[in-house]
Structure formats: C-alpha cells, structure tokens
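A single chain, nothing else alongside it, follows as structure tokens in the form predicted on its own.
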C-alpha cells in the first residue's frame, strides 16, 4: 500500500509517497514559494507589509503550489499506485471564503474542465489575504479575550489567548472590515482549506489544528460557542465541523489529471506540529521530541487533557488519539548562532570542544535577543548569573546552552517525565547540546533524522484509513 502525504509549510509545499508495508519513503518532491512561484510575491511565505507585526499570505499561493507539486510528483512517479492521501498545513493560518466557495468546490468534480485550480478558486474568497502564524498584530484582541475569559480560556481551549492564534485574527478582521466578514460564508484553516480542495467538499477541522485557534473546547471536542460568540457574530456558522473520527472524504475528479485515482480516501488534514508528532513516532506517551530549529520546540503525546498551570505551554489534539503538548522557545538556533559569532569560534568548538574544556562550569546564561514567549521576556540581550565579560569563550558557550535547556526543562515539567528524548533539526548534530539535554532531563537522547516529518505524518495518518471502505 502506498500513501501520499502533503505538507504545506511556511515557505514550501512538499509531497511524499510512503510505503506502508516496509515503512519507507518512496519519493518526495517540493515546491518553494520564492523560487517556483515568484509571481505571488511571497518569497518568505508572506506578503511585504510596512507593519512588521502584520504577516499575511495570498491564499491562491497555496492553491497554485498544490497544483504544481502534484504535477511535479506525476512527472517522476506513477501516482496511480497511491491508495490514500493525508496531510497538514502550517498552524494558525486562516482562509476566508465567500459566496463562490461552494461553486468552486463543486467544479472540482468535473475532470474535463480545463481550468487550473487557481482559475477555479479565484472568485471564492471574501478576503484576499490570509494571516499566518507569524502575524502578531492582534494585541488588542488578545487583551479583550484575556479580560473576558481569564483562566477559563486556557482551561477550555488548551492555550491562553495568543496573537497568532486564529480566534484573535478573526476577531480583528470582523472589527476592521465588518462588511467583508459578513460576506464570509466559511473560515478554514490552511489544513482544512487544502483538504477541502482535494475532496471537492468542505473538510472538517481536526482537533490537532483546531486547538491552535483559542476557539475549540478540547475537553468536549467541539467549538466553544460562548467564546466564538464573543469573538465575532455568527462565527460557529462560518466554521467547518470538528472532526469526530468518521471520515467520508474522497479525492475529487479534477486530480485525475495527475494520474491519481478519483475516489481514493483522504484523511482530514491536521496542523504541521501534530503531523510531525506522528511522523517522528512520538504520538504515543513516553517519548518527547525537541526540535532545535530557528525556534526550539518541545512536543510530546499526552493521554489526558491538562494544561500548563503557568500558561506558557499549549495543548493540541493528537491525531492518533488523546492530546499533545507543545512549548515553543523563540530564542533557539538563531540565538545560538549569534552567540557563536560573538565568541568568534568555529562549529567544532561550539558543538564539542567548549563542553570538554569547561565541563565543570556551572554558570548559566540566556540569550534574550528576541522577545521570548516561553516565558514572556523582553529582548534584553544576554542575562547571566556570572560575570559574562570575565568568562572564557568555552564557559560562555556552555552557559548559553545550559540556560536554554534548563529553561526548557522548567517550562515542560508539567507535561511529565520521559525515558527517551528525540532531538531533530540542524543543532541536533551538536554533541555538547545533546549531552546537556541528557543531563538536565535525565533521559536517553537519540538523534532523529526525519527531514520531512510533517509530510510523513500525513502519509502515516492516511495509511490508517480503510481504503476499501
């Protein structure tokens, strides 16, 4: 059995074919927004804006990328062998659709219509832009949600009010452009939007991605009407249904042009973080994943719903059942790279030699080069519990890494303890960082090499569908 996983991330769309029997990746292709679709003006995944807090994309970019990545796959692989499809989208992005949405979906059942996806979807939007996870222009809306619901918001939705989350984004749109909001018939996440296009029908929002909205009551698995009514008028009517485990999505006829068999089942798409949880094999309790990237991210499966008492971490639905926790630390690899440049050392020194020569040093420091979000902290530069200017280069390196890992440990203790921690991302190559994680967390640390974990997670979720049903 072969399944297809589609990952729509911030800067690209990937398509990965997975062999279920031997659990191997058969082939993978990708489309980069800047390189392959320059006409949309989103080289970094978002449109230029004078306001640095505003980060929005053209939703037709994702439509065009879906067309192009499937064509690219069909050019190099016999797609008729694919038995099911799953996927994900960047979390917190939202798409606003108007009167033309239903007709656009209906047109996808006709494989003889010569129009591209962009041509079919062009008139479907009530809003020409889609805010993405990088947008943080909703301070006023977050303050209003905090004032109205206080701790109840976190206890019901799994997270406190967050600027990038979809609820505050919808609230701002409804306030700033009430006419366009009133003309909006459906609000999709990036994941459910692309899944709907593949199916030619409105797809549900799964609890993994839906939890990143501040709108979903995770304990009940349904939209929280009280919160939704506060955010915007008649909001529940505009949202897709929440995925309840029953799946009847099938591939639309349009995609026969790429050799895919119309009618094969589609798993409801999830968010990129829940998909990565599945793709890294951490969707069962006992294993945590630390992704050492631009930001450092810690995530793990949780059997029962509970929230971070300090309000820093987030809880999403686990596509494999139950829940997942996630904590994001903004000052990650870019902060480490800045420290390496300040010290003036090579990677071997930063990744290994410094930890050998300063093994007994107990100082700690944290690089607040960006405003930190876990916990919230202003960008104040390096804060250390020792005299930074008097420390050796090796001591500075060791202290920075220890400070980051200790902060991560303290902010994730509420989740539980773990026998194994899998590290991934570019910085996972560092022996010193791996050793620090093992010492602080008291766990076995394994390096995880899954370059397309989100796309793989989508393909694995597709493999669990009843193909013949």
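On a predicted model such as this, the values are computed, not experimentally measured, just so you know. Only the largest set of C-alpha atoms that superpose within 1.5 Å between the two forms is called the rigid core. Numbering follows the first chain given and starts at 1.
Heads up, the form predicted in complex with a small molecule isn't pictured, but that's what we're talking about next.
- Note on the interface: of 343-351, 190-198, 69-77, 90-98, the segment with non-hydrogen atoms within 4.5 angstroms of the small molecule in the model of the complex is 90-98.
- This chain lacks the partner; the member of 166, 157, 273, 331 within 4.5 angstroms of the small molecule in the model of the complex by a non-hydrogen atom is 273.
- Comment: the small molecule is not present in this chain, but in the model of the complex one of 133, 223, 173, 361 has a heavy atom within 4.5 Å of it, namely 133.
- Remark: residue 10 counts among the residues lining the small molecule in the model of the complex, judged by a heavy atom distance of 4.5 Å or less.
- Although the partner is absent from this view, residue 290 stays clear of the small molecule in the model of the complex, with no non-hydrogen atom inside 4.5 angstroms.
- In the model of the complex, the small molecule sits beyond 4.5 Å of every heavy atom of residue 137.
- Taking non-hydrogen atoms only, residue 267 never approaches the small molecule to within 4.5 angstroms in the model of the complex.
- Core-aligned CA deviation for residue 126 between the shown form and the other one: less than 2 Å.
- Taking the rigid core as fixed, one finds a CA shift for residue 236 smaller than 2 Å between the shown form and the other one.
- Once both forms are overlaid on the rigid core, the distance between the two CA positions of residue 71 between the shown form and the other one is under 2 angstroms.
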